[in-house]
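Let us start with two forms of the same protein chain, each given on its own as C-alpha cells and named structure 1 and structure 2.
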Structure 1
C-alpha cells in the first residue's frame, strides 16, 4: 500500500481549543517553526470546544480567589485530581482569560461597570463563569481560528489519525499515520513534536452531547502505543441533555448548566420538583449527583412522555430567559419546545471523559516527542469536572503545550526514523473491513450504545459490569467479521463508521474494566453494590495499560496530596470553604 510522506516541526492533532491555542503559542514562541494542523473535520468547525455553551471558570471577582477555585475543583473531583495539574488549571485560567480578551479578541458579557459578568455554575462556591451569552464556545473558537489562520500554518483538513508511530530505535515518537478522508490516501507525517488534542467524546452511550464523529481515536491510539490511561471509569453525564425524540440528532445535546444556576427547576413526569430529595443544594448540586437523581426518577417510572424529566424556566420570566439564553431557546424551539415559558424534556447525556492519557504539567507524556492537552488527558478533574472547567482546561494546557513543544524543538529535538512495522500494522488494521462481507454497522453501534447505557452507565454494579464486559466481547467479535461493500476509499463514510466503532469499542472496554476495578463510589462513578466513598486519605486512581493485543492490565495508584489533604483547606478563612 502506497504511503505519502510529509515532514513538519510540530504536528497538532485536533483543532479545538487545545489544538488552536497550541498552534498560536508555538508560532508566537518561534515564527519560523513549521506547524501542521490535522483535523478529522474542518478547521475550527468541528470538535467539542465550539459546542461549549456555558462558559469559562476563572477567579477574577472580589471575594473569589484561585485558592477557592482550586478547592472547589479538588472537592468537586472528590480528591482524585492530580493536584499540581488542578493548580496549574486555576492559575493559568486567570492568565488565559486575559489573553482571550486582549490578544485573541473575544467579546464576553460584561456588567454595567465594565467588569466581566460571571454567572453561577453548579458545584462552586462562587459565581465565576465568564461567558458570551450561551454561545461561549463559538466565540472562543471563531476568534482563535481568525488568529491561527493569519499565521503561516499548514492544514490537513478531513484527515483522520489512525496510528501514533514510534521511532525505529525506540527513542521517542516519529510521527503519525493518517488517512486523507477525501481521497483515501495514507499519509505519514514525520514530526519533531506531536500534540494529541483530538478530544474525548463519549459517543458510545445512547444519549451523548458530542457530535457523532467524536470516537475517542486519540485514546485508542495512545493505548496501542503503550501509554497509560487514568480515571477512565469517570464518565461525566450532563444532567440536562435535550430529549427531542428518536427522529432528531438534537437528542442528547446540552441544555447548559447556567439554566439551573439561574434558578431553573427540574420536574419529574408529575411536574414535581424532586432534587431536594437527593441533595440539599437542589438543582445546583454537582453534575454527578443531579444525573443520578434524574436517573433514579426515570427508573422509578416518574417520567415525561418520552421517558425523561422536565426543565422549567418560565417562573424566571420569559423575556429574561430569552435574553440570557438565546441559543438554547432557539434550539429548543427547533424541537418543538418553549424553553422560555414552557416545559422542555431532558435526559442525562454522556458529556465528558475525566479520564485520559497521563501527562505532566508541561503537557509532555512518557513518550519523548509526544505531548497531550485537553480532553485526551486525565488527572486534571479527577472524579468530576466542574462545569466551566472544561474549556479552561483546553485553552490553558493547549497554550502550555505550544510553549513546551517550541522549547522542546529549540533544545534540539530530532526528526526520528519511524518503525515501519507499526505503519504496516496500522494500514492492515484499517484495510481489514475491505476483505470482509458487509454487515450491520449501524445496528452494531446501536447495540454498543445500549450496552454502555444499560450496564456501564450512571448507576453501576458488579452484575451489570460483568454483563457489559461479555456484550463488549460479542460486539468486538462482530466488528471483526463485519466488512464493507465496494472498494473505494475516497469519502467512504461507512469505512470511517467502522473505524469509529473500533476506537469506541476500545474506549468502552477500558471504561468498563476501570469501573470493575473501582469498588467504591466516587464522583461520576457510582457503584450501587459499593455505595460508600471510603477513606479519602487512602484515595487511589485507576491506571490502565494495553499490551497491543487487546489485553488490558489495571493497577491502582495512590493520589499524591501534594498541596492539600482531605479534611484540610488552603483557604485562609476555613469557614468560607464550608459555604
Structure 2
C-alpha cells in the first residue's frame, strides 16, 4: 500500500476549540514553526465546540471568584476531578476569555452598562456563563478559524487520523498515520510534537448530541498506543434531545436546557407531569436527575409513540415561547415540530465524555511528543461536567498545549523514525473491510447503539453491564466479518462508517469496563445495584489500559485531594459557599 510522507514541526489533530487554540499559541510562541492541522471535516466546521449553545464559564464578575468556580467544579464533579487540572481550568478561563474577546475578536453579549453579560447555568452558585446569544460556539469557532486561516499553517482537511505511530526506538511519538478522505490515500505525517484534540464524543449511544464526525477515534488510538484512559464510565446525558424517529439525523440533537428553566413541562406518554415524583425541584432539577427520571418513565413503558416523553411549552403562551426561544422554535419548525404551542417528543441524549486520556497540567502525556487537550482528556471534570466548563476546558488547555509544544520543540525535540510495523498494522486494520464480504454495517451500528443505550446507559447494574460486555464482544466479532461493497476509497463515507464503528466499539468496551469497576453512584454514573455514593474521602478513579491485543486492564487509583478535601472549602466566605 502506497503511503505519502510529510514532515512538520507540530501536527494538530482536530480543529475544535482545543486544536485551533493550540495552532494559534504555537504560532505566537514561534512564527517559524511548521504547524499542520489535520481534521476529519473542514477546518473549524466540524466538532462540537461549534455547537456550544449555552456558553463559557468564567469567574469575572464582582462577587464571584476563581475559588468559587473551582469549588463548584469540584463539587459538581463529585470530588473526582484531578484538582490541579480543575484549578488550571478555572484560572486559565479568565485569561482565555479575555484573549477570546480582545485578541481573537469574539463579540460576547453585553450588559446595559457595556460589561460582559454572564448568565446562570445549572449547578453553579454564581451567574458566570459568558455567551453570544444561544449560539456561543459559532462565535468562538468562527473567530478562531479566521485567525488561523490568516496564519501560515498547513491544512490537511478531510484527513482522518487512524493511528498514533510511536518511534521505532520506543523513545516517543514519531507521527500520525492518516487517510486523505477525498482521495483515499494513506499519509504519514512525521512531527516533533503531536496534539490529540479529536474531542471524544459519545456517539455510540442510540441518542446522542455530538457532531457526526466525532467517533472516539482519538481515544481508540490512544488506547492502542498504550495510554491510560480515566473516568470513562462518566458519560453525561442531556435530558432533552429531540426525538424524531430512528431514520433521521435530527434525533438526539439538543433542545436547550433553558426550556425547562423557563417553566416548560415534561409529560409522559399519558401526558402527565412526572418530575415531581422524582425530585422536589421538578423539571428544574439537574441534568443527571432529570435524565434518570425520564429514563425511568420510559422503562416503565409510559412513553410517547416514538418511545420518549413530551416537552410542552404551550402553557407559557405561544408568543412568549416563540420570543424567548426563537432558535429552538425555528429548529423544531424546520423539522416539522411545533415547540411553541404543541408537544414535542424528547429523550435523554448522550452529550459529553468526562473521561479520556490521562494528561498533565501542561498537556503532555506519558508518551514524549504526544500532547492532548479538550474532550479527549480525562480528569478535569470528574464525575460530571458543569454546563459551560466544556468549552472552557478545550480552549484553556488547547492554548496551553500550543505553548507547551512550542517549548518542547525549542528544547530540541527530534523528528523520530516511525515504527513501520505500526503503520502497516494501521493500514491493515483500515483495509480490512475491503477484503470482506459486504454485510449489514448500518444494522450493526444500530445494534451497538441499542446495547449501549439499554445496558450501559443512564441506569446501570451488574447484570446489564455483563450483558453489555457479551453483546459488545458479539458486535466486535460481527464487525470483523463485515465488509464493504466496491473498492472505491475516495470520499467513501461507508468506509468511514466502518472505521467509526471500530473506534466506537473500542470506546464502548472501555466505558463498560469502567462502569463495571465503579461500584457506587455519583455524578453521571448511576448503578441501581449501588445507588449510594461511596465514601468521598476514599474516592478513587478508574483507569483503563489496553494490552495491545484487545484486552483491557483496569485499576482504580485514589484521588489526590491536593487542594481541598471533601467537606472542606477554599472559599474565604464559607457562609456563602454553604448555600
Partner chain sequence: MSDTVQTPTAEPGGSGIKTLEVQIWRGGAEGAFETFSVPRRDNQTVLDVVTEVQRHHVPDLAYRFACRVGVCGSCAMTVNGTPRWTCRTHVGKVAGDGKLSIAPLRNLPVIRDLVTDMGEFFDKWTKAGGKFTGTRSRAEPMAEVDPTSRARRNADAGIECINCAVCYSACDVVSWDKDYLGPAALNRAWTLLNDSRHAAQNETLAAATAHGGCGSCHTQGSCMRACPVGISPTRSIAGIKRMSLLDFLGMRRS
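Residue numbers count along the first chain shown, from 1. Just so we're on the same page, rigid core means the largest C-alpha set that superposes within 1.5 Å between forms. Just so it is clear, the model here is predicted, and its values are computed rather than measured.
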- Query: 1 or 2: which is the form predicted on its own?
  - Reply: 1
- Message: Checking residue 280 here: with the core superposed, does its CA move 2 Å or more between structures 1 and 2?
- Response: yes
- Query: Once you line up the core, how about residue 271: does its CA shift reach 2 Å between structures 1 and 2?
  - Reply: yes
- CA of residue 365, rigid core aligned, shift of 2 Å or more between structures 1 and 2: no
- Note on the structure: After superposing on the rigid core, the Cα of residue 326 moves between structures 1 and 2 by an amount in angstrom of 3.5
